[in-house]
Structure formats: structure tokens, C-alpha cells
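Consider the single chain below, provided in C-alpha cells and representing the form predicted on its own.
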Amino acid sequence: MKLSVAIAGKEAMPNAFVVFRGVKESIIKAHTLGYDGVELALKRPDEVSKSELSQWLRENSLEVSAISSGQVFAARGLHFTDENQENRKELYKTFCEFIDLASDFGGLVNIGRTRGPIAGRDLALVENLFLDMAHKVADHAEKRGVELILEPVNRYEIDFLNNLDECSAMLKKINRKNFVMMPDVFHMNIEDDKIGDSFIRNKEYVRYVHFADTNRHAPGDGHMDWKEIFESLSSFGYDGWTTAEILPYPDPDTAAKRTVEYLRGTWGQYYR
């Protein structure tokens, strides 16, 4: 497995789930602490310069693990289940640009809360809106060699696709090779019956994993059963990214350092 940390630009919203802010500074810190990569949380694709990003990554021997789209929903209000046609056009354009960026950096684009809510509407309508946009962005991603990673998110943040079983059922409906899953153990701790069993039951789609403890602090700072998590992932040969998407508590540097020390230390046998 490889270890990454969620970062954003300096202009990211205060409530963005990232550890570090400022792309260049974050990449330097991630390298210094011993991470393998960074996950980029962006509102818009043009927040980063491709040439500068490439240089900063090269100088610090890091990769982009994935591009996260949560701020597209939180800051811009765009989502897959929106009925407004102009908003749908804007979302499609944004995702195509994310996909183009990911074709050079990481090859993965996250769909978390950007999938949109049910919000009291007929479920069939919501699913059709989601599937329509999912196929459109998957078409573009296929041309660019990029995978889309759908993230189950707990009910307190959104009311659509909350656990791994629901997400797998939707992925079966989408039925695209480049549409897979991004479990987050923080959300799984709320929504899934048993984290290890759920990982194994849905292993077909598991492509990328978010790590946080039960309190959304650094791994090791809560009561998450990390033995169960690592044993279940290793049971089906998972060797992808594990990315810290945690609250920067008590401060970003301490949170990021605790994450590395705990995962590289206690669970170091699972990392390359």
C-alpha cells in the first residue's frame, strides 16, 4: 500500500476536509514527513498549474494519489443529481477538466458529496439523474484513461449512497470498468455493518481508501479497529492508496505526523 495525505490550495473553504493548505508548501511537508503522495482537493481545475505541480512533485519525489471533488459541491453547489440544466452543464465541464488533469496526475477522480442528495425527491428520478451524468463523465474518463472513484458518505452529510453495499449496487447499474469505489473508514464506522466484512464483501470495487479514526482525527487517536481494517484489505490483496482525510487536530503538522508514525510504525508491514 501507499500512503497519501489530503491537501488543498490556500483559498480552500475553512471546512474542507484537508490536512494542509497551500499546494507547494503541502507537497514539501508531505515529503518531509514520509508520505508517498498527496490527494488534491480542488474547487476548480485551474487552481493548480500543471507545470508547477509537476515540478513540485518531482522535486519532492511524490505522486498525486487522486483528485477530490468535494469542494465542487460544498463551495459551488454543483452535483450529479441537480435537475437544473445549466448547473449540469457546468458540473460536466468541471469534471471533464478534472479528468484531463488526472490523466497527467494520479489517474483517479473522486465523487463524494458531489453525487448530490435525494432531498425528498422520488428515488427513481434521483438515480436517473445520477446515472445520466455518471455515464457522460465516464465516457470522457475512458478516453483519457482515468478512473472515477465513488465514495459512500454517511447519512449526516448526505442522504444518497451511504454505505458500501449501496455503492456497489449503484456501480453494478453503472456497469463501467472505469467506475469504481473509494471507501472511507470514518463513514464506514457509521454506516456499514462491520468494516472488515463490508470491505471483503465489496472487494470487487475497492480501488482507493480514505483513512481517519472514529473521531475523524489521525489514525490511532480514536477507537477504530485498525487490525480488522488492515487484515481485511490484505486478505484480498489490496495494494492501492490509503489517504489520510482527517481533521487537522490539534494542528496540521501534528495530525500529519501522528498519522505517519502510527501507520508506518504500528502497521508498517502493510506499506511498501
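Residue numbers run from 1 along the displayed sequence. Everything numeric here is computed off the predicted structure, so don't read it as measured data.
The same protein also exists as the form predicted in complex with a small molecule; that form is not shown, yet it is the one meant from here on.
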- in the predicted complex, Y262 touching the small molecule (heavy atom, 4.5 Å): no
- Query: Using heavy atoms and a 4.5 Å limit, would one call R216 a contact residue for the small molecule in the predicted complex?
  - Reply: yes
- Task: Flag F20 as yes or no: does it have a non-hydrogen atom within 4.5 angstroms of any non-hydrogen atom of the small molecule in the predicted complex?
- Result: no
- Tell me, yes or no, whether V153 is in contact with the small molecule in the predicted complex, where a contact means a heavy atom of each within 4.5 Å. yes
- Item | Which of 161-169, 87-95, 108-116, 126-134 sits within 4.5 Å of the small molecule in the predicted complex, heavy atom basis | 108-116
